[in-house]
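Given next, in structure tokens, is a single chain: the form predicted on its own.
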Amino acid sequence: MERIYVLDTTLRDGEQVPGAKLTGAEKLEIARQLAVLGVDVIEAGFPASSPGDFEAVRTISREIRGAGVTALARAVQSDIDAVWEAVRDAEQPQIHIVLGVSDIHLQGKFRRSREDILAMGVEAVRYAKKFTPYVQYSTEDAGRADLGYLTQTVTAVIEAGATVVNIPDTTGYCDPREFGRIILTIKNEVPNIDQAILSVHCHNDLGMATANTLAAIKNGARRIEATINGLGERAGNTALEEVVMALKVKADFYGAMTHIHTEEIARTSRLVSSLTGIWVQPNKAIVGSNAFAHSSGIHQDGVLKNRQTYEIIDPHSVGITESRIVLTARSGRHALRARLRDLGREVDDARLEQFHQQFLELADRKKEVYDEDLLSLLAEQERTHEERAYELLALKVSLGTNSIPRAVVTLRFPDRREETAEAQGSGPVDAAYSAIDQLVGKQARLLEFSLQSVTEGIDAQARVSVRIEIDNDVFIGRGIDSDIVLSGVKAYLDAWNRAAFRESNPTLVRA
């Protein structure tokens, strides 16, 4: 079986989703889980983009062991210097250089000749090699490049010292046969290709990222770049979980395997979803809530008789169990801590006490508390204190079939003063949002409101994610509660708190 190496770029390309900005602490938490998952390399960010991203990459490099750490640089010395300073303390520090290779990029973005760009790339690789033997060169927009120029570029950067050459379908333009042919051509026509690992990075604009990545593996690629849940620019990237499980299920066909611990896939997916506020669609392959659900009577009958009749993947192999441990208000701290430990979350005594009180409040409102409730509640608790510039003290809404919905909101501000505002709207959530805008003194534009049920049942918690625009910047907010209106208000206020944190700490987040 051929070894396929996995570079996870959730913390770099995945974080480029509008509004899905992660704090340094959140990045570190995801990086820890990626190491547990077993990825070979973590692309931790783009250090030259901001001091905050630089510090996040450096923190990850100093703490994470068991995986290499890399970060992105343009083909300029200042970017390469920033990457090296950020990753130099990693167990295996790597530098990732990216430069366009298609005529569309050369003419439209750089306005330079092929010869100039090639020389620029070679010089960048040689410079990076002074710091580390592990240098990756990405030929941006290779999917639309002239194949002759692409092979010439790959040959030259390997000769300059690149140990990984990455062939990105940056715009998701290719289909599997076309992309496979590009990889095969490079394998056959680049004379020194055996001196480097051939990698691919596919986007999903036409819904073919996973298929293109698998076609590349079939034609000789030995490293993939992917993200958890397929996060990324525009329509996203190749979903790590899809490629990994395709190789596992169809091992005889591909003759290749990764070293990913697949039983950690579901846990990693939930963590990334929770911290980014980007919920996974129910029918998402591998990690969607319906991925192992069967509603058709024929399917149910078949699965009950033999799981393999309608399931090609054992849910346990990706960390999804068919049984659920149900906790109630009568469950003690010991049972709660044991269940959290089973879910991979350790909490100290002080934090457990606080969490237990929140758990009891939820259990009093619900008949049963499921794993998903615990994880959502824990994510809510883990919101850092400094991000809460505005604290919700009280909410009162009124509505009826023949009355205008109204909301009264009381907030506590950073200086500890408390203020109340009343507003009306098309519904209770709209009214509450208007009241919050009054209190903050600025109006936000709601771009997206997403509501999900965390578990089943009429008493299930509602999980709301909102995207709002404030002063031409986008922020995501998350909220959870068994009351839908309150969940929506928490999400809106969370987004406002992120905006306030950005305003008070402009150098700690990516521009």
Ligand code: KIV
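The model shown is predicted, which means the values in this text are computed figures rather than measured ones. Residue indices: 1-based, along the sequence shown.
Below: the form predicted together with this ligand, not depicted.
For the residues Asn219, Asn204, Ser376, Ser138, the 4.5 Å heavy atom test against this ligand in the model of the complex is passed only by Ser138. Checked against this ligand in the model of the complex, the candidates Lys490, Arg12, Arg498, Lys21 yield a single residue with a heavy atom inside 4.5 Å, and that residue is Arg12. The shortest heavy atom separation between Ser273 and this ligand in the model of the complex exceeds 4.5 Å. Among residues of the shown chain, Ile80 is not one whose heavy atoms approach this ligand to within 4.5 Å in the model of the complex. With a 4.5 Å cutoff on heavy atoms, Gln94 does not count as touching this ligand in the model of the complex; it lies far away. Put simply, Leu72 is close to this ligand in the model of the complex: some heavy atom of it is within 4.5 Å.
Annotated contact segment (heavy atom within 4.5 Å of this ligand in the model of the complex): 161 to 169, selected among 248 to 256, 328 to 336, 161 to 169, 190 to 198.
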